[in-house]
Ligand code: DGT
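Just one chain is shown here, as structure tokens, and it is the form predicted alone.
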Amino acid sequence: MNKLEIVHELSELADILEISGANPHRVRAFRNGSRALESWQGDLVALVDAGEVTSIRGIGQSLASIIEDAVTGGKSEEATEVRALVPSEVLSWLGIPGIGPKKVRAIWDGLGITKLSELEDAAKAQQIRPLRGFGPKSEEEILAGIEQLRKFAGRSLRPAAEEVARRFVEAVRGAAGVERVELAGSLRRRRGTIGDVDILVAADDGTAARTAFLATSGIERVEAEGEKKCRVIASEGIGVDLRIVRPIEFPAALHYFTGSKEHNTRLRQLAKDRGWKLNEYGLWRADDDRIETEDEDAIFRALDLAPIPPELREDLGEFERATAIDAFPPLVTVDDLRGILHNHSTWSDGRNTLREMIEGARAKGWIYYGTADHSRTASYAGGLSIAELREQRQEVDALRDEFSDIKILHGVESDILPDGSLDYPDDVLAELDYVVASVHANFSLDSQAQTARIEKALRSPFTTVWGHPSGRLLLRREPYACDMEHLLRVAAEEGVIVEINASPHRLDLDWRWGPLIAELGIVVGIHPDAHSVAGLDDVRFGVGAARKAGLTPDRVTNTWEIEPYLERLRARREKAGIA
């Protein structure tokens, strides 16, 4: 296992222990260990080889043994014993929004059921509401959650899919006769959630590639094994497809296995309208007249289209744009970023100190860093009181004197209260460099009320950034009801920066709003919402979402030089009448 997988393993073991009714101190040890490992930076394999896993603060000998076994591929007896405490299908109930380990235990103990279908039947039969801590609304939420769980079944977040893809690509790339290996499918299109991993290989003889693929570590089962195509299910439950084509076929195959079904159908029709033929093997004027295409771009150009970036191949307007030669200017990249806002520290619910977070930002070469811990209403996340916010400002000022090569901005992530107000009085907000306004509660308001609430917050002159605008959690929570188009128009009118929250659990705002963002002239901030130094790396997922939205560097505030950027922040403060 890699570090990310082990972090998940320890967290899941903590859930199992809590569901089973284990000693709270043991549950806490696993949770703290998961967080400690996630925050730790270094070479885990080297640490295991040196026998120094316990040097990570928060990792004791018991957890160190589990980590060592996971890294070396061994079998942890303790982990096996813990997993035996709870049926696996009971554990899956945690995927239902609002159902945590304590509620899972209450249902399991109270009704003696273990299957998802039994849970659904119990909710429909009103057998859950008599249990302590439950009621009629709980049953409604469980039924809605089960429906959502089934809807999301078979899909994974990008980090998990990318890690599986990396393992198989590395295994295949070194095989004899392999000329090229590329990811295709929804991963290459930078979708927020992924079904299967698609790997395309160019080789005249694919025997070695196929053998290497099937010998990759972490295969749960082989579902298909053929000369040109193999399919396996990885131990993470993600399907992985390998396709082998001849080098001359590779450009057409890469396009075919990358594009959505709708995009591919549209392009094939454009070829057919000329009397040509396009499929996964190539482009022909006639059956025996192949058009040479050294890459995907050549396919588009042969059809008098500007090359369409992989991220945009969804048949959602890209063909209409592609008739212009300069239709697709270069999209934003990670290298374009100069700095970030909206990050948390140990002042609220972060796992690294403010100093450590700033040092992490400096190590990436960024020229500015904005902290934004939670506001006071978010007590569950250690939200800051007014006194604590001002005390934090003192630390910010001291760090500014120490770190002169990076601009440190002091902000806050203010809850948008139910009536649309921000979470502090105006005189307190006026002391900050910027404010991220976000919804963290009251998700169930009807669309009209939610829209009015957010609009009021956006019209506050203290709101600099609209944080994770739709409130969605991928594979867990749908966006709350609101008139998003209207609110984006309000943000444009008010000059509010709209956030693409780069957390792979959010990737919010959704990429489909990209055309309207461009039309309205909205500028976007790609912010990691990092709660640890490691979380700063999530910005790359946000860049992927921005690329899928079709955003160029000039539309993304993170790419600006520092003075124009600070001027943009000052403009909002001037509107508030702050000098």
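This structure is a prediction, so every number in the text was calculated from the model and none was measured. Note that residue numbering follows the sequence shown and begins at 1.
Heads up, the form predicted together with ligand DGT isn't pictured, but that's what we're talking about next.
Novice: Work out which of Trp284, Tyr281, Phe257, Trp108 lies within 4.5 Å of ligand DGT in the model of the complex, going by heavy atoms.
Specialist: For this set of options, the contacting one is Phe257.
Novice: Tell me, out of Asp196, Glu494, Glu395, Glu455, which residue has a non-hydrogen atom within 4.5 angstroms of ligand DGT in the model of the complex.
Specialist: Checking each option against ligand DGT in the model of the complex, the one that comes within 4.5 Å is Asp196.
Novice: How about Pro251 - does it come within 4.5 Å of ligand DGT in the model of the complex, if we only consider non-hydrogen atoms?
Specialist: Judged by the heavy-atom cut-off of 4.5 Å, Pro251 is well away from ligand DGT in the model of the complex.
Novice: Report yes if any heavy atom of Ser470 sits within 4.5 Å of a heavy atom of ligand DGT in the model of the complex; otherwise report no.
Specialist: Ser470 lies outside the contact set for ligand DGT.
Novice: Quick check on Ser92: any heavy atom within 4.5 Å of ligand DGT in the model of the complex?
Specialist: Residue-level check for Ser92: no, no contact with ligand DGT.
Novice: Does the 4.5 Å heavy atom contact test between Lys261 and ligand DGT in the model of the complex come out positive?
Specialist: Heavy-atom contact with ligand DGT at 4.5 Å: present for Lys261.
Novice: So if I measure heavy atom distances to ligand DGT in the model of the complex, which of the stretches 431-439, 181-189, 83-91, 479-487 falls within 4.5 Å?
Specialist: Contact-bearing stretch, as computed: 181-189.
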